[in-house]
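So this first bit is one chain, no partners, the form predicted alone, shown in structure tokens.
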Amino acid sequence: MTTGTIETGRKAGLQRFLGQTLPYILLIITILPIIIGYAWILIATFSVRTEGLVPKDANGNIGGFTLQNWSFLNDPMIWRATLNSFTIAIGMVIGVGVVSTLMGYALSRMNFAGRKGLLGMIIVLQAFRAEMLLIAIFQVLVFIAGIPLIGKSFGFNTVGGVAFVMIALQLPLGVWLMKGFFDNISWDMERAALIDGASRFRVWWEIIIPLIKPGIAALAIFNFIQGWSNYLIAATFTIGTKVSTLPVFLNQFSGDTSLASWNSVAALGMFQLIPVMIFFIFTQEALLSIYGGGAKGGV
């Protein structure tokens, strides 16, 4: 073997090595700040104070591990706020999920009068942010509050009212997302089921829905996170601690008018993160199979 051949082999091996390792190096560099941030939160929640990632006690010595930062769990209001946030998040998962799958299927599979106009309107609605609609939403919730029975659950200053508003704001994105998944499902099985006499609803429920579980999982995770962590809507349309949510409680916990214990704030932030992680664990199997669904061919 000549020297030139050996040198060429070395260069090829070096190029192959760089090609295999460089993406991982770039990925590590990219996510390193995120990992450091989560590591600080985890360390800070069980420390008296921290200097960087080093836990310190009151005297400045390394150590100082404590559970005092989690003392907020003894406050009944934290559990009420947790229940309110969970109710809103689950309401968004169910409400947006059901309406988006039904409407997305209709827009993808059915040809009806006004279909194109409705699609365009959905895009326009997505352009309106919540900040632009606060006054209009307030007027609507106040009007709903005056309706007997319904107003007590879905009017102004109610958990149901906050959930109702957030569902309405997330529907345009949910409908477009579901329509995209329905468009990628082949018509073959659906046509066969319709020819055999199955109803549209049965086709939607028994044939199409199982094929778009990854899309439903993605939409569910997105809506759960939005409902669980949204601050603006809950803070604007609720008054008092009985209907406050975890983000509102966290903001009051670290208010500008009092000296905040950032390690306690980190513990509360970790507490708020736990349900999201649990929800993701139970939906990740469907989410990670997002490219394993039906073949293209939607009409």
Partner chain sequence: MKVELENLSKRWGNVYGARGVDLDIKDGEFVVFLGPSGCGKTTTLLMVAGIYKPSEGLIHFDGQVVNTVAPKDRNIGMVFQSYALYPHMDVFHNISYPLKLQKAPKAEMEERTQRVADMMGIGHLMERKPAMLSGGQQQRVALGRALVKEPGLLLFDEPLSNLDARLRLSMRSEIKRLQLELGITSIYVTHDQVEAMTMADRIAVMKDGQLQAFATPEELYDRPRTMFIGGFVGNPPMNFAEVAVSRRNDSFHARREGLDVVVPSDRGEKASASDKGIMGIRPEDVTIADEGVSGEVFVVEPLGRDHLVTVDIAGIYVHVLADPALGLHIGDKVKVNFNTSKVQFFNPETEQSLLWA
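Quantities reported herein were computed from a predicted structural model and do not represent experimental measurements. Residue numbers count along the first chain shown, from 1.
If you look for the form predicted in complex with its partner chain, you will not find it shown, but the lines that follow are about it.
Q: Report the residue, out of 121, 83, 94, 192, that has at least one non-hydrogen atom within 4.5 angstroms of its partner chain in the model of the complex.
A: Result of the distance check: 192.
Q: Heavy atoms within 4.5 Å of its partner chain in the model of the complex: which stretch among 174-182, 75-83, 202-210, 149-157?
A: In the other structure, the partner sits against 202-210.
Q: Taking heavy atoms and a 4.5 Å cut-off, does residue 197 contact its partner chain in the model of the complex?
A: Yes.
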